[in-house]
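Here's a solo chain for you in structure tokens, the form predicted alone.
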Amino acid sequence: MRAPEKTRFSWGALFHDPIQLFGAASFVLLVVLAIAPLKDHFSEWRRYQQQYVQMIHIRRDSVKLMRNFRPGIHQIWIPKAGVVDRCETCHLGLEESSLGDVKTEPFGSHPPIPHQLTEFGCVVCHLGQGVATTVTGAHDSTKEPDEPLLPARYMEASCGQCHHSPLMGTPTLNQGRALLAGYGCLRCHTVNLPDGSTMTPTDDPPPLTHIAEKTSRQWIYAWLKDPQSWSAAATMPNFLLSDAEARDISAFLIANSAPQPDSGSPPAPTPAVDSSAASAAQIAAGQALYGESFCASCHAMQNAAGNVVGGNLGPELTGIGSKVKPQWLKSWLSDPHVYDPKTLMPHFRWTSQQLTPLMDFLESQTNSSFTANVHLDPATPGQIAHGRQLVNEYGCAECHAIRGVSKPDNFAPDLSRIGSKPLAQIVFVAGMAHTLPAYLTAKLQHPREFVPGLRMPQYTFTPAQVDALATALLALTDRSFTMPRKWQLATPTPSNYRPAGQAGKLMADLNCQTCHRINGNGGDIAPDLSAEGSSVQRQWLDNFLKNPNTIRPTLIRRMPKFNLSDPERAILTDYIMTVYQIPQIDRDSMPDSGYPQALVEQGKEIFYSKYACQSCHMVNPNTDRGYIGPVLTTVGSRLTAAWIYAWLKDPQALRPGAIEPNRNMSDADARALTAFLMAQKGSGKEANQ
């Protein structure tokens, strides 16, 4: 009998009548019903629960742990966030603080966090498939729209889904957002946040409108070829231009440059001194002025040891003498706002006698090798036209103001939801892991490897910076836009406060808000001035504006000396003392001197013994070693007694985030300590020191 015939015979023997058919179907159903509970009995999650029970039975706190243990599948449902979370089915010890010493997964306790597990679940932060009850299904799936677990190195990205402002405890996320804003990323890419705000760039690209007045075509060519060869700290990326492209762009920028406006009344030139000895003396004098003006607070420069030291708020000045033309440098130092009205650099009131040695010093900082191999023929009309085309193709006007070139729209992809980019839309390079973090990391390191002809430039980010940027990008998810409203912590509305009147014009000329925040607007590298009129004494403020001294010796940045005239200082002092006051401080409520000596001595004992304030502050520089807080040797001539008293009672009430601890000081202690501090007038002869 052939096989088909045997099959028909067997089928007919078993199912030739309804009774036999019913019996066979019942048997199959019985087998299925038997397999289902058997499979559940040997399920992966049940095995983990059995191992957990075995582990806690041998612990000292086994009674408490067994009382808290619940067998079966655990589930957290957060409908407003669209989350079903069964992770705790296997991760049974998450809320048991006593299991902090357990290293065996998945039974250890969760590190302390300011959130409740039952409110947020696990997948909101860790991603993964919350409905799964197997390790592979919960952790590793990469099928759309599933999300594999977020690698631990990018964990802070989850915080960024709700927290859209800098957050204490997420340094990597904060750094990534700062890099996005400071390296030009946001000038090409748009990042809209769930609270309706848009991330804004913080970098300060110079205008190219008058570039021919500033530098040479040869320097522009070398810079375009490799910005980092001029300065390793340059934020402009490398566009990997060909020689011809750099040649034509430099030709267009020079040809398109407009004459620099007249600066008005530049300082009269001082006679040049030809002798080499005098020139060396001039350079030394200029270097001294550079230091006295604290230019290094914003600008870095290579020192004699070959180390680049200084701030990063302005461009590095190593080799500046080979970059800029002398007449432009003179105009810039006389008043930088003439060349660039939006520059962050303040207007120093240098005299002609100061300008000459300062220029000599800066012009002596040369780097002739940068353009040594650059040899350009005169530009042709065709090269200039091609340069304009390249400027448009590379989106140069996204960062720089260029005469006759409009800022392009939608030049680069929107990144508002890049953290949820579907894997099906990603072109992976051969050998790369097919995950979103791997794609973002590789794209940041080698962007041109993905798509031929891509215009994204090459950055020189360190591995730590790449991780920080990837963390910031992974925070930009679809889920961040659908989070429950109570979870969303909106970005504070930015302030556009500007001082008014004559003082406002003067403070704008000095760019005070580049460093100082006032009423919510400004920088954060110098003290907030919103309450300066309530905190300082008028005479000290006037003296400080005339010759800024060091209050915090450990800080690298210093307040520059602006060479203000007496009328200008009076305008600023009057305005600050009158306008920048806060209602909780009545500066006339306590005297600034005349405290009984007994009270001063009591305050001294409190300062040195009870609270050990000398651990952070110096009163007597001969014996105290506190370098963390401000020097208090002259605090009695600087601050008002009312401010000191209120500060001692509650520092954070006056300046949120102040590192000064709140000691819940009694009124008596605060008054005695205020008397001691107000006695510190800076003569160095006080017996109380």
Partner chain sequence: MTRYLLILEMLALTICTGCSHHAPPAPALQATASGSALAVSSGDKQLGTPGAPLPQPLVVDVNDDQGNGVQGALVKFSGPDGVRFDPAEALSDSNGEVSTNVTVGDSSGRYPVEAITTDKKGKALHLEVNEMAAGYQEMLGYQVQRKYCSRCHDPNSTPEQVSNYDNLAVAPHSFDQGNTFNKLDDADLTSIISHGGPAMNLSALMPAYGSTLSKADIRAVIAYIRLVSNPPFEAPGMVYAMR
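Given the structure is predicted, the values throughout are model-derived calculations rather than measurements. Positions refer to the first chain, counted from 1.
Below: the form predicted in complex with the partner chain, not depicted.
- Among the residues 450, 461, 611, 487, the one placing a heavy atom within 4.5 Å of the partner chain in the predicted bound form is 611.
- Here is the short version: of 80, 103, 434, 375, the single residue with a heavy atom within 4.5 Å of the partner chain in the predicted bound form is 103.
- Only one of 167-175, 363-371, 416-424, 322-330 lies within 4.5 Å of the partner chain in the predicted bound form by heavy atoms, and it is 167-175.
- Although the partner is absent from this view, residue 653 stays clear of the partner chain in the predicted bound form, with no non-hydrogen atom inside 4.5 angstroms.
- In the predicted bound form, the partner chain lies farther than 4.5 Å from every heavy atom of residue 66.
- Proximity of residue 404 to the partner chain in the predicted bound form: non-hydrogen atoms within 4.5 Å are absent; the residue sits far from the partner.
- Contact check for residue 113: a heavy atom falls within 4.5 Å of the partner chain in the predicted bound form.
- Every residue of the trio 628, 658 and 662 has some heavy atom no more than 4.5 Å from the partner chain in the predicted bound form.
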